[in-house]
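Heads up, what comes next is one protein chain in two forms, each shown on its own as structure tokens, labelled structure 1 and structure 2.
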Structure 1
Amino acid sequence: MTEDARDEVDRLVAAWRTERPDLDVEPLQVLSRVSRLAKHLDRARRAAFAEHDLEPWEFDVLTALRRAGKPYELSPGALLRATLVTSGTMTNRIDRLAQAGHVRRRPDPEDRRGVLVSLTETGLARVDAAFSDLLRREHDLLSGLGPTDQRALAALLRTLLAPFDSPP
């Protein structure tokens, strides 16, 4: 993209500079673009999940199990940490995913009071297909940037996000 290319954020920033010259509106240059990109990403994610009959929360739980590696199994507590929801919410989500045939529960052999949640073959096939579709859509979103620019952008965003992702 050339330096002459302008987007909606450029117009927004110019308007604010005219209307409020007393304010430093530079953060809008980055954060309004991140916000707009997040909306496009959300649309792409929802479309990918819908194509595979999944809700975003279902995808989150199923991908947490998939990332765990074989046997694609985690405790409900580990799923809580991976998806950042409450225990009541997770119980409801596991129940609904089990009803849909995407996961199953089994007793934890190392903790008689605990259970383990694992992907079924159906859940594994569904999450793998949805993830492949999502990655195709994400590649499309990034198609305006070459590999070097993508790595540079990822590094800059990592710098911005790291303080938010670190433990309190």
Structure 2
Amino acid sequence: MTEDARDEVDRLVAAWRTERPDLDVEPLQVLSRVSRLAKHLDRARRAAFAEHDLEPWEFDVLTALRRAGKPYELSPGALLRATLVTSGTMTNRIDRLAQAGHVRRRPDPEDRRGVLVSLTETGLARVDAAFSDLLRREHDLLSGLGPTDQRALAALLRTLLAPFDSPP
């Protein structure tokens, strides 16, 4: 391979090697790329959702409900675990989604502390359209890698992610 496709992180690593030759900066090759890629993905997602009048945070909540299957209903607690945000943030998100008419809140009949949040018709339609669109764009972003490479990449990332998702 004539992999001369240097990216921003290659330049960053080279700079560190000059400035701090005493340190092993190899971890940056992986982890800086993960962070930078995530930042670019956020921007791409924002652009994709704009066509459906959705913010990324709205999409995150709506897809969690959509994935739950009928009746598309989850507790705020389940939602915050799915989206990695704090409880205060989730309360705020649900408030605004309810105001926009995308979700509906009702008291949990089984637990009087609890609440259940469910998709409305318009919320369901909106998230389905946005999700199809997102997948189309993500497919394009990955077009630089063949199916084998994609699977290899997914497997490597899974290894890194596992300790976070299932704490020891």
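For clarity, a rigid core is taken as the largest C-alpha set superposing within 1.5 Å between two forms. Quick note, the numbers are simply positions in structure 1, starting from 1. Remember, it's a predicted structure, so these values are computed and weren't measured experimentally.
Here the chain appears twice, and structure 2 is the form predicted together with another copy of the chain. Residue displacement note: Lys39 has its CA displaced by at least 2 Å between structure 1 and structure 2 (rigid core superposed). Put simply, the small part of the chain turns as a rigid block by 10° against the big part between structure 1 and structure 2, using C-alpha fits.
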